[in-house]
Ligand SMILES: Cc1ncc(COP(=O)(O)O)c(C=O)c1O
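Quick heads-up: it's one chain on its own, the form predicted alone, in C-alpha cells.
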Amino acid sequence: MIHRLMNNNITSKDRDVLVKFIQNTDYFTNGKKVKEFEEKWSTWVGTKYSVFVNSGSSANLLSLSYVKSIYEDGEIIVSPLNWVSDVTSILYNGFKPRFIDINLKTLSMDIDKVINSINKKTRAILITHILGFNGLKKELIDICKKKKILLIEDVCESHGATYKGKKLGSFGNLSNFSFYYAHHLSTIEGGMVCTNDRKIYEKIRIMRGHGMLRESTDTNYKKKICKKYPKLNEKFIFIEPGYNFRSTELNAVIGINQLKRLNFNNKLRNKNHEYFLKNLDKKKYFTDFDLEGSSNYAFVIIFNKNYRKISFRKKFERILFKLGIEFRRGTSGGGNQLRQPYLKKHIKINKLNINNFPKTDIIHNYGYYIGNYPNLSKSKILKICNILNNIN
C-alpha cells in the first residue's frame, strides 16, 4: 500500500496550459500573468490587494520586514508549532518571538493566553492557521484593533478556511500564503502576501522587487520621490531595503489554472477529512477538533493520553513505514520550534522555560499528519483507518 503526502497536484491540464503559454510568448518574468493571478487571488480571498512572491517563506519575511519598517524592536507573539520561516522572519528583523502554547482543537495558539501575553512591547501577533483549521476568535481581532497591534495571518496550509463566513487571510493587516507543491493550490513553488491597506501593498511590492521605486503603482508617490532625488536615475532609485522575491509568469499561469478547481477540490478534501475522523478509533486517537470553517490540508493523527508512549510511537511509525504510508511527526515544521538547534544561536532557551508548552509537545512527540488529496477514495481512507485502529 502506497500513500504519499500528496498525489498528482500538478495535473495534465496544468501542464497543457503551461506548454501552450510557453509556445506563444517570449516574456517569462514578472508580468501580465502575475498581475492577473494577483487580482484573481484577491477576489477569491476577499482582499483588495495581493503580491505574488516566490515562496510562502518569502511572504513571511516580507510581512515581518514591513513591521520592521514601522518599529525598530519589540516582541512578536507567535506559536512554537510553526514552520521555521515564521520564527526566523521574526529573528532576522530584530524582533523577539514571544511563544504561546496551542489549543489542541485548532492546533493554533490558545487565544486567551495570547491576549494575556500582550504588553507594551507587542508589535504584532502572527497567527498560523495549521493544516486547514481556523485559529481566529473575535476577541483577538477586537484587541488588535483596540491596541493597534498588527495582526498577521499565516494561511499557508489553510486555503479556503473561513471564520464567520469570511476566508482566512482577509482579517489580518497582512496575510501570507504558500503555493508549495503539496498545498491546496500549487504553483510548484510560490506564495502571496495579501492586505486591504494600499500603503502596505505598495511597500510590499517595492520590497519584493529589490526595494526599487519603479515597483510602486502609486504615480504621485513616484513623482514625489523622483523630485526629491533629481540626481538619481528614476529607473534605479532604491527606496526600501528590499529583496528579489518576484515569481515568474510560468508559476502564475499554473496558479490561474489551479484556482478554477480550488473550491471543488477543497470540498472533496473536507469530505475525506470528515470520513477519516468518523472511522478513526476515538479511544486511541484525538478527534475532537474544531471543524467550523476548516479547509483540510492533511489528516491529523494525535495519540490520546493512554497511548502517548515511546513504545507505541515506535510501533506506529514502523507499521506505517512498512506499508508505504508517508507521514510527518510533529506535523508542519516538525513540532516545537523551541526544541530546534537554530534557536539556541539567537535566544536563550532556558529563559523561556522550554517545558511550558505541554500542548505543543504533545504534537511534537505524538502528533502526525498523513496525506489528504481530492482524488482519495473512501475505500482507501477506510483501509488506512483500519490499519491505524489495529495498532496496539
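No experiment lies behind these values; they were computed from the predicted model shown. Note that residue numbering begins at 1 and tracks the sequence as displayed.
Although not depicted, the form predicted in complex with the named molecule is the subject of the following passage.
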item: Among the candidates Ile125, Leu107, Leu174, Cys156, the residue which, in the model of the complex, approaches the named molecule to within 4.5 Å (heavy atoms); value: Cys156
item: The named molecule: the contacting residue among Tyr180, Phe316, Tyr285, Phe289 in the model of the complex [heavy atom, 4.5 Å]; value: Tyr180
item: 4.5 Å heavy atom contact, Asn365 and the named molecule in the model of the complex; value: no
item: Contact label in the model of the complex: Gly190 to the named molecule, heavy atom within 4.5 Å; value: yes
item: Partner proximity in the model of the complex: Tyr307 to the named molecule, non-hydrogen atom cutoff 4.5 Å; value: no
item: is_contact(Ser63, the named molecule) in the model of the complex, heavy atom dist at most 4.5 Å; value: no
item: Partner-facing stretch of 138-146, 79-87, 252-260, 206-214, counted where any non-hydrogen atom is within 4.5 angstroms of the named molecule in the model of the complex; value: 79-87
item: Residues within 4.5 Å of the named molecule in the model of the complex, restricted to 52-80 and counted by heavy atom; value: Ser55, Gly56, Ser57, Asn60
